[in-house]
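One chain is shown next in structure tokens, namely the form predicted on its own.
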Amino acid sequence: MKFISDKNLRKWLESLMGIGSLIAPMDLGPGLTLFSQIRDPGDVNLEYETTPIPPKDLFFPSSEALFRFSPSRGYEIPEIDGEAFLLGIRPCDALGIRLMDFPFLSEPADPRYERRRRRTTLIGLGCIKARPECFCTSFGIGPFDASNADAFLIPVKGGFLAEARTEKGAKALAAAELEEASIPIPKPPEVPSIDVGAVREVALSLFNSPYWERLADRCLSCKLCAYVCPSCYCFDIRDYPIRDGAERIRSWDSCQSPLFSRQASGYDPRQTKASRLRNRFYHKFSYFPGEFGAFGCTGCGRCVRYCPVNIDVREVLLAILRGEAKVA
């Protein structure tokens, strides 16, 4: 590993901004840090914990125009130009982007997602503290996991240990004044883990359990769990009139929406709140692994932290694994 000092960090970030857009965690108000486009390197906050909204919206925006049409100009597709650097992404959020790659980059790939992924360099950041809701180690990663980043930084006294993981990462670090690292890699924080190995098979046997109706009694169907999740990717598409034509908008949605699964015939296979809530957990821990070979969860704990009625995915997993979901 190499070492970049705090003193040289600003010059490095200025160099990256000279190459492309720099997106990094920035304080936007008391207690609010979000990934934002950086205009001044002094605005970057690399001491943040978890942002409320994961950086998935840089690849899959919460709302965007796919194209516009007017009789006079024909079709117009908004351009996605330039190189971008996503700095300071935590291992759980880097895994979230890797998980979204499965549906969005499978043939036929989503062209807008693919373009954004191809142009962006992911610069990860190790976690030196774990939040009470963290359980990322359940899914094969940890506070210093660099496997889903192009380059990776670990905070140490006076700066950061730095490592390139891919060619894109090496190119990004080439713009920095690096020194030979003389500081050992610190010990990462301990993160609790749940053995989820059997959850898929056990869950399939509990499909008709009344447990899901009891859990749904608490759920408000507010969809917050999906919006703060780094790997949820449900969306809705609608056409809207504009002054001289129309535009097609893609926006985040959730399988918790009452009309999300309704078909053109009017039939809805998930008419009840319990069936929709069950689908959320089955998609992450049964259907997604069955299709892509990986769990659809990163263990970031955001859904635990922000659920207004304290539905805890860890408790649901343990209830399934212990067979408690069978109890009426």
Partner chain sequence: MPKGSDPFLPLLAEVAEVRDLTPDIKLLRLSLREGRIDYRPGQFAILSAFGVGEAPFTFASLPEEGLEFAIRRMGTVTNALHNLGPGDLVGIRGPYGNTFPLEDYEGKDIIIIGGGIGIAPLRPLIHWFIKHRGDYGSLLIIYGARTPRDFAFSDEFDAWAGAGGARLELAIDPPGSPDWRGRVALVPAVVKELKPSPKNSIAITCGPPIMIHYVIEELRALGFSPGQIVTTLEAKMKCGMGKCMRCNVGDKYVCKDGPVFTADQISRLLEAF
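In this text the structure is predicted, and so the values were computed from the model without any measurement. Positions refer to the first chain, counted from 1. We call the rigid core the largest set of C-alpha positions that still match within 1.5 Å between the two forms.
The form predicted in complex with its partner chain is left out here; the points below concern that form.
Engineer: Go through Arg116, Arg248, Arg98, Arg214 and name the one with a heavy atom inside 4.5 Å of its partner chain in the predicted bound form.
Structural biologist: Looking at Arg116, Arg248, Arg98, Arg214 one by one, just Arg248 meets the 4.5 Å heavy-atom criterion.
Engineer: Can you work out which of Asp27, Asp57, Glu47, Glu291 has a heavy atom no more than 4.5 Å from its partner chain in the predicted bound form?
Structural biologist: For this set of options, the contacting one is Glu291.
Engineer: Please identify, from 178-186, 130-138, 145-153, 74-82, the stretch that has a heavy atom within 4.5 Å of its partner chain in the predicted bound form.
Structural biologist: Looking at the partner contacts, the answer comes out as 74-82.
Engineer: So in the predicted bound form, is its partner chain close enough to Ser63 to count as touching (4.5 Å, heavy atoms)?
Structural biologist: No, Ser63 sits far enough from its partner chain in the predicted bound form that none of its heavy atoms falls within 4.5 Å.
Engineer: Can Pro210 be called a contact residue for its partner chain in the predicted bound form at 4.5 Å between heavy atoms?
Structural biologist: Residue-level check for Pro210: no, no contact with its partner chain.
Engineer: Using 4.5 Å between non-hydrogen atoms, is Leu204 touching its partner chain in the predicted bound form?
Structural biologist: Flag for Leu204 set to yes.
Engineer: Can you tell me if Ser36 lies within 4.5 angstroms of its partner chain in the predicted bound form, counting non-hydrogen atoms only?
Structural biologist: Taking the distances in the predicted bound form, the answer for Ser36 is no, it never comes within 4.5 Å of its partner chain.
Engineer: At 4.5 Å by heavy atoms, is each residue in Phe69, Pro103 and Asn279 next to its partner chain in the predicted bound form?
Structural biologist: Affirmative, all three are within 4.5 Å.
Engineer: Residue by residue through 83-113, tell me which have a non-hydrogen atom within 4.5 angstroms of its partner chain in the predicted bound form.
Structural biologist: Heavy-atom contacts within 4.5 Å come from Pro103, Phe104, Ser106, Glu107, Pro108, Ala109, Asp110, Pro111, Arg112.
Engineer: Would you tell me if Phe67 moves between this form and the one not shown by 2 Å or more at its C-alpha, with the rigid core held superposed?
Structural biologist: It does not, since the Phe67 C-alpha is displaced less than 2 Å between this form and the one not shown after the core fit.
Engineer: On a rigid core superposition, would Pro30 pass a 2 Å threshold for CA movement between this form and the one not shown?
Structural biologist: No.
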